[in-house]
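Here's a solo chain for you in structure tokens, the form predicted on its own.
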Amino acid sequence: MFDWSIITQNADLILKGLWITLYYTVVTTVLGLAMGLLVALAQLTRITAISWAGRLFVEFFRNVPLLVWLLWSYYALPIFLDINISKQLAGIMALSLYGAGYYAEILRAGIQTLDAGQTDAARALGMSTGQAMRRIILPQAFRRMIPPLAGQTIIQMKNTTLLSVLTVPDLLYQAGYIASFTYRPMEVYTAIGVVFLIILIPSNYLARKLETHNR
């Protein structure tokens, strides 16, 4: 028999973990998008060295497992750089860079789907490359990229569960902590799954509505 009183009695810990999960999701999504845009533009430049640097960035972070990168960022990077890195900073850095690799590919593909003639028309009107990208290309590209960007952001939220290996007290870490002294893991992890469903199902629905609205 499920004992749901375990959840109500430890609701404060679950809410604390949820807040930390949402915080890391928002921060790493914003940073990942910003870095991903820079990497996407780097891949599209005609300067070979910069273009290859962008491609190497994407290949590295898309092919190294996130768990490996998290552990390496926290335990190995401080040794190589001879600095101290908090688990919070290591988590944000690892998740942001990892997400940036995927956001970069989404943004690059979205930009390349637009007709090159629009860039030529913008230049004919006297716009610089940066102005054309900011005023014409990116606004259209972002509308087309809403579904994959939303999907990657949802994955980004689920990826935050790996922060528990660094003992960051996110939602999954709090679940493990509650289960350790209540001996009721079934109820605890079921509740965590329900929390994710409550957040992510409406997020998916909103993403689809935005996609329909921007067609």
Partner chain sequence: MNTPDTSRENPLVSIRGLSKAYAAHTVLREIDLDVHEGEVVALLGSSGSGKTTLLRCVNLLEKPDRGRIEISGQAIFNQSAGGDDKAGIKQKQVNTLRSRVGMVFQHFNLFPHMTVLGNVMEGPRIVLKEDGAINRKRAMEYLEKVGMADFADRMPHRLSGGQKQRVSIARALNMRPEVMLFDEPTSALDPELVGEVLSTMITLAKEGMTMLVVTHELGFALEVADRVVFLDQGTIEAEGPPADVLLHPTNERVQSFVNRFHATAELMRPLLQD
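No experiment lies behind these values; they were computed from the predicted model shown. Positions refer to the first chain, counted from 1.
This protein has a second form, the form predicted in complex with its partner chain, left out of what is shown; the following refers to that one.
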Counting any non-hydrogen atom inside 4.5 Å, which residue from 77, 121, 109, 71 sits next to its partner chain in the model of the complex? 121
Does the trio 126, 136 and 140 actually contact its partner chain in the model of the complex, every residue with a heavy atom within 4.5 Å? yes
Consider residue 131 of the chain shown here, and say whether it contacts its partner chain in the model of the complex, taking contact as heavy atoms within 4.5 Å. yes
